[in-house]
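Just the one chain here, the form predicted on its own, laid out as structure tokens.
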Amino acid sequence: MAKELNAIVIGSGIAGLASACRLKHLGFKVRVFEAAPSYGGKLAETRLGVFRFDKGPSLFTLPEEVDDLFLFCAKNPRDYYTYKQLPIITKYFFSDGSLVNAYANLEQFKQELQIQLGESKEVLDRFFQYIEKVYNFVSPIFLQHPIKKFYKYLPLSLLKSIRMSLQIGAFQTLAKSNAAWFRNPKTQMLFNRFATYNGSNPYKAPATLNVIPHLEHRLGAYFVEGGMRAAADAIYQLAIDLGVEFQFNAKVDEILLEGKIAKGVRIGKELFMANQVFCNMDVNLAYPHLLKQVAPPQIYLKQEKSSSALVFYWAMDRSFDLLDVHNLVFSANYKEEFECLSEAKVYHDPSIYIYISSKVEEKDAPLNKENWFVMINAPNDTGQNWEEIKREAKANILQRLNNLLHCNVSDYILEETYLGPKEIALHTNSYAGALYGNSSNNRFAAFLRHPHQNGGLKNLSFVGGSTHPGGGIPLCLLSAKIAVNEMDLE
């Protein structure tokens, strides 16, 4: 008689949900334990009366990775969710009053950079060809396969690989690389900001992060119909349809080990046994809380943590034609902003990201009103006085937006709620509120994310944004895919 396969997944963030679906499709009986009252992790939502807000990620890239999960489970993804491309990915506002529209059409975007910022077509063509080359080299090695086996996927010629590692900017900062490409500091700033997509500093992080604008401008950036929460809803529904069992408000206290083999979990005094345990908890918290008897792998856990954020959710009593779905109001001194962040402080003149889903999702706000997700970069929590920082940051944000929109913005705020590093840590089990686990602020960061398996432990896999290949929806989905493919089967 075949041995019954049981799997337990700790946490129901995107990587946890995807792991559960893949395991169930492979024949495991799967049970997910989630400490929170609902699923989705950072892909949560909040409401202020009739206004709906996505609490976390807001830009949707690499939809093929989401589709791949459904197709792997023999389901049609379009039966679960839909998405569309927006004509403008982001509106960029600069301190001198200038504006750049990042059009979804790449040729139109290049023309905008030529007209508004004076960049040459030849340089722009070469730049986008270059970052495509970087992505095509990096993706199969670092994104699609386990990092502990990356050497297997290097090109046959090691000399060619070394030469390519120099070409992709592994030993140059993103800011220095972009300064070499573009003559206008505004263009440099625009492409430097992509380091923040994984909570990193463009003046420290390697130029390899130029793969991110390739994802956005070559492969496409999209809007999930129903808002980003709809992506979590879709994968949760897939799990339900497959027969995955969920238990919410169920905080796991311990991963049970028999010697070096994971055998299940403990919740209070109750034991739940399994052949496989998947942990979708930040690895920086998993070891001290769930694996107290295991020596933590310090080489991964001692890396610099990513930045966090301050987010204000504002129910607005009017609409603003100047703004689009995604907007970024740049600081007058971008480098100084990151120098301040590196000192664990919030800059007095921060860059401000504004996401307004109701621009295209009408039910997210009443007619002629808007739901504003207003975010600035913040350091992770090291004991700062966040209440004081919150007050100062809100005042600085409002002053900047008043100047941009030529009105007193606070007059139109009907209701407000807030999320900062301490709340992010509490609600999402993110160490110190760091949004992406470790930062990418050194050239070896790609190699120093926690692998999906701890070599000393059997039948235990780690997934999610704190593991390889990193944070964000596509990478979390890839972490689940790699972990399931690589799991121990004894």
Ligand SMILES: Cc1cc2nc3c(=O)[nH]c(=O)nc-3n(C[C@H](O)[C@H](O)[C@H](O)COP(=O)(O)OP(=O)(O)OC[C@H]3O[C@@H](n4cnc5c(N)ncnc54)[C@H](O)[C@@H]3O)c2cc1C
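Remember, predicted model here, so these are calculated numbers, not experimental data. One-based numbering along the sequence shown.
One more form of this protein exists, namely the form predicted together with this ligand; it is left out here, but the text below deals with it.
- Heavy atoms within 4.5 Å of this ligand in the predicted complex belong, among the stretches 64-72, 432-440, 23-31, 451-459, to residues of 432-440.
- Although the partner is absent here, H427 lies within 4.5 Å of this ligand in the predicted complex, judged by heavy atoms.
- When contacts are judged by a 4.5 Å heavy atom cut-off, R183 does not count as touching this ligand in the predicted complex.
- Remark: I10 counts among the residues lining this ligand in the predicted complex, judged by a heavy atom distance of 4.5 Å or less.
- Contact check for K251: a heavy atom falls within 4.5 Å of this ligand in the predicted complex.
- Between the options L290, V134, V325, L401, the residue in contact with this ligand in the predicted complex by a heavy atom within 4.5 angstroms is L290.
- V311 is the sole member of V294, V311, V100, C340 with a non-hydrogen atom lying within 4.5 angstroms of this ligand in the predicted complex.
- For the three marked residues, K263, Q276 and A483, no heavy atom of any sits within 4.5 Å of this ligand in the predicted complex.
- Contacts between stretch 57-82 and this ligand, counted in the predicted complex as any heavy atom lying within 4.5 Å, involve P57, S58, L59, listed in sequence order.
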